[in-house]
Structures are given as structure tokens and as C-alpha cells.
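Look below for two forms of one protein chain, each set out as C-alpha cells: first structure 1, then structure 2.
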Structure 1
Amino acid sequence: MDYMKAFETIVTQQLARLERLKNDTKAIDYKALDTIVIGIIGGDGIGPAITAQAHRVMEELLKDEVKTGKVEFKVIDGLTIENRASKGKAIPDDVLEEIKSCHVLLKGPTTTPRKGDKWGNIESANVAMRKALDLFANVRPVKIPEDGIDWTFFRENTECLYAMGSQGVDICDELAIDFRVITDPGTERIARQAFEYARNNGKTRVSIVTKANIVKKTDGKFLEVCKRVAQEYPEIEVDDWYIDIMTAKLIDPKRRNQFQVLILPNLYGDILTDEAAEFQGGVGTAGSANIGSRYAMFEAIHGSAPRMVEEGREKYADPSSVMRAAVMLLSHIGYQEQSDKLARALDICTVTEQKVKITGNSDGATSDQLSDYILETIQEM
């Protein structure tokens, strides 16, 4: 392989991407749309089972809007590992066309092949979708009032190591090199979104997380740009942390309740938000938002759990994570009342009352039974 040519190709691609970033479009106005199209993507493993439950609940919450044509649901079936592998693409062209016909997406987990898997070297569907739709901001809230925890993570979605994870080069049998990219406009827009969120939601502190003392060029640029944006928000306190010590401080009861809004590059954000999710019951209970200027995608943050399907246990999978994602979706498109109802119902049904409990096995409830419980709770509000 001509690895110098491969590197030249990567640099050319990233320079072209940089020019596109400079012409980023304004955010979509959902109120101005005649019909908001919500795409439902089941994905792999337990994804179709749990996503169907969230779809069912949203259909009930938005039944009046569906009747009037203000909201339309569109089920997209083709984003499976089998279809992706057969087409040799992270997102097959026809599936991407369907996805782009929607305004927002609710997505179940998708399987990402590892080296040596039978599926081949296919890029992560999540990473590909974030790039194809330019979903630059991954937003993950974690809130546990009794512990004084109220964190909102803004993870940059389209750069860092994940953006180029399938473009590494084997120099020889004993040497492999991967690439990492950070740009000024890519960092500026995630930083600005975090600071705007802080300003609009009464937050007083934003923490920037990097390893800029060691990874001096890319992490150094990320830190520099975030601090430059911070100067436009003088009322907000800003500090910066290295990823290793921040990982420790999140579990420090004397320090963790001081954090509010955090900005991170892609890889660090992935690691830290999974750690944070454990505070509210694990990754199976958490959802996330992936937001761009034109599109937005909301998803569970856990994997596809193929073993549960192999063992015939998918009907016992917990749909809470993708329903938490639905809470954010409803809020994002302007249906705050419905979002608040679902959030309250989830708190009642999965935290406080827990009359129905999911265990992932036959000794617990099915996802369908939990959804029934959630819908009954919503109707009583």
C-alpha cells in the first residue's frame, strides 16, 4: 500500500470538509414545517424491540398531531448489520435517502464490526450517520437530585479519532497508524452550543475536558478554541480538566456536584458519558441527542446486545434508554408538554414506584409490560 498517498488523500478530504464547515447552515425551524417527519430506526439486536416501544408511546403522546398531519412517523428498516454488510456500506444509499427524508430520527443501537468479524471492515453506522447528517453535537444529560448531580455533556461528534476510525493505515505487518482530526469551526460550534445551553438554562459553570498537556496539537486546538468562545460568555465560570483526573473527580462525592456543563472531544466524551450514566442506573437507562443544523438523531447509548437475541430474551430488554431519548426528541421539536409527561412517567415507573421491573430475564417484566405501565401513568396525569 502506498501509505503516503493514503495520507495525502486523508488530508485532501479533511481540507474539503473544513471548507464545508465554514458554510454551515442555520438551524431548522420546526414550527415553520407543515409536517414534522420522525424516522424510527430499529437497528440491530434488541434495537427493534425497544425502539418499537418508544414509537408506541410517542404515537400516543402525539396522536392529535398525527391526526392533523402535523407529525408523521416513518419506519426505516434497512439499517441492520446484515444489510450493511451485504452492501459493503455503513449506511446503504437507499437507507440514507430514507433517513434524509426525515427531520428527526429515533434510533435503536446498531452493531459495529470488530477486526476479524464476519461482517468485514464496515464503519460504525453511528459514526457514518453523524458525518452524513453533520450531527456535530452529542448531548447527554445525567441528573440525580438526591446526590446533587446535574450534568450535561456536550461531546463533539464528527471529529477526533472516531471520525477517521476506518481510515487507518497498516504501514507494515508490525506498524499501524490511525488519524485524529480537530478543526477550529468544528470545535467552535460545539463550544458555542454548550455555552448557549449554559446561558439559557441558568448554568454558571462550563468545564472543558482534554489531554492538551500530552496531545498538544489536536487537544491543544480544542482547548484553545473553547476558551476563545468562552470569552463571549463572561458571566459563566470556565475551567479545564484533563480526561484522566476528570474521570476520577466524577466519582469524588466532594467534587462531583460542582460540575454542570462539560465540553469534550469525541473519544473522551464517549468514555466519560458511559461512566456518568452509571450514576443513574447504567447505560441501559440513558439516552442521548445528536444534533446538527438540518437533522437531529436521538438514541439509546448502549449496544445492540446480540446475546439477548440469541437467547430469545429480547422481549425482556429495557426500553428506558430509547424512551429517555424520545423525551429529548419531543422537546427538541417543540412538544415540551409531551416531553415532560414522558419524563415524569419514566421517573415514576423506573425510579420511584417501580411497580413493574425489568431484569432482562424471564423473572422480570417484558418491555411491552413496562410500556403499558408508562402509558397508564401518562393517562393518569
Structure 2
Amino acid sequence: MDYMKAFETIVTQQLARLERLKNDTKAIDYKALDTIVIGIIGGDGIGPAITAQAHRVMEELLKDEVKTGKVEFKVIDGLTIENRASKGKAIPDDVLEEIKSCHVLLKGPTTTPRKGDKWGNIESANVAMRKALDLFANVRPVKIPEDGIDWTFFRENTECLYAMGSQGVDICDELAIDFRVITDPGTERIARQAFEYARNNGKTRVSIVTKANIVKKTDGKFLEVCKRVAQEYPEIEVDDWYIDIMTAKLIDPKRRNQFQVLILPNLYGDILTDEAAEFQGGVGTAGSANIGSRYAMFEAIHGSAPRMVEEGREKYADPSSVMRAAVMLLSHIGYQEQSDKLARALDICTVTEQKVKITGNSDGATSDQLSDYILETIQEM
């Protein structure tokens, strides 16, 4: 009856987590801080090269704040796959300590080891960081202006099947059970983020996505709590969808541009945001914000392109997605004007004007040249 013990441990852990969530209601106020520390985490492969470019552009945009000491940058090495694998940890202790000394983080891609590869069986650094820093809201914007599409996904980032993804139980040789967790406070905080975002950004509609007709307890709770929070935002129209039909409606030309803000439990959010990013040009074009009440981490969601590094081509890597992540970071800590400038410069330099083009090869520009062009464009504003 070993599995009964396993169930007991899981329930005890989750009840303790629930208590922690109930007590964690205060959000950080960046304005009240003497110094906002921005951590720059290179990650793996092309990560250090492209985050260095975003760092350079942010240093320029915030140069007055750096001078007065209101903002400080901190480069954090050591979140590489080599170091993580040699320490056998998703985030080595000393690296986590450095990360925790920052307020917000810009992160390059980190390789997620797969079963059977040379890195051994370590947990994804992304998932570990979301847990360690309690980054509960994964905000993923997708824009396709020519189709009138402007979606913002609020994916819950700490619960659902991810909460206990590696704590499933083999009951016997032929039966395995995994666990899905949804809590009231965990749902309330993601719903509130989504509705506040809608209210502050002139959005008129929020769509809740679940499979509550089948997964009655957990999705049922998620839907119920989101609807409860919605009552505090009477000016916003609310609808709810099942994940299967929502997946279809995202490709329906008559319906897709009517969606604005979407709230989803973790796994549905994981899947739907990849589909959505693909319409925009692939996951490589999407930035992602991971927001908690004490910390926030911003990242590009593409891979680390180890082959580019092996072939010595990292200087030709495209830094624009990690700069899109920097746009979100600047806005999050209250530097909206700088954020808007960078967003406009990226639109000009990588979409409309494109005087300098990155190809990933020596026939294209280097990431340094693209950053020069972005900085010049910002200077002209």
C-alpha cells in the first residue's frame, strides 16, 4: 500500500502550498524601491550573445536611471546546460541565489534535457524557475496587424498538470496516475492579472478557456473562480470556451480577430500559445512574460540553437525576440516610455524599414549591427 503513503504526501504538500498562496497577497511596488536590480541571464547556446544585445539597448534606454542608481544591471552566468548538468540541478544553488538578488530578469533560452540525451535527467530550468520564484502568470502576446489580430494569453504557470508533473505514482506495473492541481487563490491571481490588464489596456472582452464539461472538479473550479473575479469588472464582456473548439476558432477567419484576452490553465495555455505564435511567424517571434508578486522574468521562447554556436555563427543570431521580451520588462517595471520607444524601433528595424537584415549567416547582418541600427532609430525619436 505504498501508493496510499504517496497520496498522503501529495495532499499534505498541496494543502501547505494552499496556505502559502492565501498568505501571499502583496505585490512588489517598483516605484518604492531605491534600486531596481535587472538580472541578465544568458542561458545556453546563442542566449548569451543575444541577451548581451538586449542588455546593451536597455543600458542606453535607462542610462539616466543607471547614473542615479535607480536601476542596476547584473549579468548572471552559470545557467548553462553544462553547469546545470554537472551540478545535477535545474538551477544550481549559487545561480538561484544570484537570481533571487534581482527584482526582474531577462532570460535567454535554456535547453530542456530530454530522456536519454547526454545531459541526464534534470528538470527544465524554465519550470524550476517558475516554481522557485512563484511566477504564476505567463503572459504571451500575439499580434498579426494585417489580420486584425491582437491576442494576449494569460496562462496560469504554476498549477494544473505542471504542479506535480514529476510526482505521479505507479500504482502497479500496469496502472499509473498523475495529479492535476487547481486552487482558488491560484486561479484568482491569474484571473485578476488578466482582467486588470484588460481594464488598463482598453480591452473589452475576456475569454476563459477550459474543458469544464469533462474535467469537472479542477476545470470546474478554474471556470467558477474566473467568473467570480469577472464580476468585479462589469464593463468587460466575458465568455467561456472549451479548449477543443477554441483551438479550432483560432483559425476561423470570421471569429479569430474577435478574441482579445484569454485566460487558461497551464497545459491548455502551453499548447494554445504555440498554435497562436505559429500564426505570427513561429515560436521564435514570440516573447513571454512570467510574472509573480515578488519576481518577474521575461524571455524569448525560441530554442538555444546550439548548432549556430558550434559553427561559430552566434554573432549572426537574431536578438529581436529577446528585445521584444525587454519591451515587456521595461513596461512591467514602470518605464513605459522607454518600452514604447523600443517597441517602435523594433517595428521599424525588423518589420517595416529593415535597412539591416539578419539571416543567421555571414550573408546577413550581425546582431551587433542590428542593435546599432535599433539604437540609431531610438536616437532619432
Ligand code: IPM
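Along the sequence of structure 1, residues get numbers from 1 upward. This one's a predicted model, so the numbers in the text were calculated from it and none came from an experiment. What we label the rigid core is the largest C-alpha set whose atoms superpose within 1.5 Å from one form to the other.
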item	value
Number of the structure representing the form predicted on its own	1
Did N213 shift 2 Å or more between structures 1 and 2, C-alpha, core superposed	yes
Core-aligned CA displacement of Q369 at least 2 Å between structures 1 and 2	no
Rigid core superposition, D150 Cα moves 2 angstroms or more between structures 1 and 2	no
F7 CA shift between structures 1 and 2 in angstrom, with the core used for superposition	5.2
